[in-house]
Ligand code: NAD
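Form predicted on its own, single chain, as structure tokens, below.
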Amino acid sequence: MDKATPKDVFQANRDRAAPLLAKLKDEGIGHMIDGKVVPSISGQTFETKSPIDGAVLASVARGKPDDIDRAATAASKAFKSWRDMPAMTRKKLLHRVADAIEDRADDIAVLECIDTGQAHRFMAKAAIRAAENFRFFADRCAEARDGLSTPSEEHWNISTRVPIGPVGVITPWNTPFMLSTWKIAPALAAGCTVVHKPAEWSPVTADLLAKLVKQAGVPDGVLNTVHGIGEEAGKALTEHPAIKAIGFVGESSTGSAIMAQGAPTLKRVHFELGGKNPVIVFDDADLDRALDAVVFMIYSLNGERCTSSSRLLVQQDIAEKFIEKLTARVKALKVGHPLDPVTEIGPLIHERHLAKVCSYFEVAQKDGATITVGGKPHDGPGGGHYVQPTLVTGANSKMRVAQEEVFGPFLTVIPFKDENDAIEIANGVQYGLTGYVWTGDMGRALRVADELEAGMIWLNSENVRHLPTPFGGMKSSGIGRDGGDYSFDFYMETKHVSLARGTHKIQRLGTTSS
């Protein structure tokens, strides 16, 4: 049998998408509350459109505070039985969720492409990663409550963990399915129930996730999904007294607002926020590998990723030659329909986001930088929210394009003199999510890693996730860590239990007469 051509794969992807989209448009998207698909109490809806061509994909229930209250009540009602379910039973259910995701991985990928504009080559992998998230945390259900034994002279001291209660999860529009599972899977494995508020710009696969969780047999009320606008449904979730914690992925300014909204009810918060991440390339690096990593970490996923290396810090001795090779690679990037397997960059998520990214073209020029590649919208198939991959050179660390998160396929290049200069430039922003260092000198690599103000650092590598490791940032990039046991630290309370040996002396009061 002949190998399928890119044209064949493109057509197969469209054929797969067609009935899914027809059903979606016919049925619309409702909330999943207490195991039932329901409209908003108000009856209000909003439309979700594809960034490819602006076509309406579905009418979506517009959640308000009373819908959030209904979901929080369902999560509260389901909490005790889910918490007390044997860990091995919960593990089996979460593995069944992973099975259901894998069974629908191709459907999830094409729906995500059409709903978000992300290229299929990345979304096909994102669906599989989502299943891996559920399997990883499912396997840790039994050990989630594990603590420590810290004996003292007169007592045996042990700690254990218990689920904190119903939690709120607010997820972003970039790779929404995978990132939703990254938050929801550990919460469920810990024994918490969840109210999920997906991003209003990408509700399609969140709706599917809620249905797959129910299909897998997870009890009603354990996962509730309420769609809506952040200022309405999201705010109501962060303020609801029954919700004990909020896990949020999104912009730093929104994280700040959520912290303020949750303060009156003393909510625990976990934030994965923005980034202006540096990739530092020294003159002794493997420059071919470094070039591959630089291009991948800013132009994959449309540049719409918090961990993108959006600042290239390159040592002066090699800057001219490295930028020359980089320029050729950026010019060769393929912008196109997200279902086309040759596409490397698809349309941006929304017209407002396209306008934001394009506004930085003028910012760069006003700052005195040079737009070496791109710097314009792109006339892509369907006429959607396409933009040319952009490379900005001649920049310095004080320019807005070197300080502000663009969140698109937009790379700013800044030369540096030496190790100290690179560290100073890298740390000279409000963010601190990731850093990437390329050098042949491992002593230098470790010194720089120690000095970088970032929660995650990769040495001679692009961002390669290992699920047990901590994921999160510092400064304006977030609070807390996801991954492995770190997720359980957020979704669970640590409880200390002290067992007396019966030998310690207890002070006696009230035994003498006055």
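All residue numbers refer to positions in the sequence shown, first residue = 1. This is a predicted model, so every value here is computed, not measured.
The protein also exists as the form predicted in complex with the ligand; that form is not presented, and the subsequent description refers to it.
Chemist: For the spot marked by E231, E251 and A257, is every residue within 4.5 Å of the ligand in the predicted bound form through some heavy atom?
Modeler: Looking in the predicted bound form, the three residues E231, E251 and A257 all sit within 4.5 Å of the ligand (heavy atoms).
Chemist: Heavy atom to heavy atom, is G275 within 4.5 Å of the ligand in the predicted bound form?
Modeler: Heavy-atom contact with the ligand at 4.5 Å: present for G275.
Chemist: Answer for P198 alone: is it within 4.5 Å of the ligand in the predicted bound form, judged on heavy atom distances?
Modeler: Heavy-atom contact with the ligand at 4.5 Å: present for P198.
Chemist: Answer for T238 alone: is it within 4.5 Å of the ligand in the predicted bound form, judged on heavy atom distances?
Modeler: Heavy-atom contact with the ligand at 4.5 Å: present for T238.
Chemist: Looking at the partner-bound form in the predicted bound form, is F407 within 4.5 Å of the ligand by any heavy atom?
Modeler: Yes, F407 lies within 4.5 Å of the ligand in the predicted bound form.
Chemist: Name the single residue among Q388, S309, Q315, N174 that comes within 4.5 Å of the ligand in the predicted bound form, judging by heavy atoms.
Modeler: Only one option qualifies, and that one is N174.
Chemist: Identify which of A138, I425, L433, V335 has a heavy atom within 4.5 Å of the ligand in the predicted bound form; exactly one of them does.
Modeler: Selected residue: L433.
Chemist: Given that the partner is absent here, state which listed stretch (79-87, 241-249, 160-168, 359-367) has heavy atoms within 4.5 Å of the ligand in the predicted bound form.
Modeler: Looking at the other structure, the answer is 241-249.
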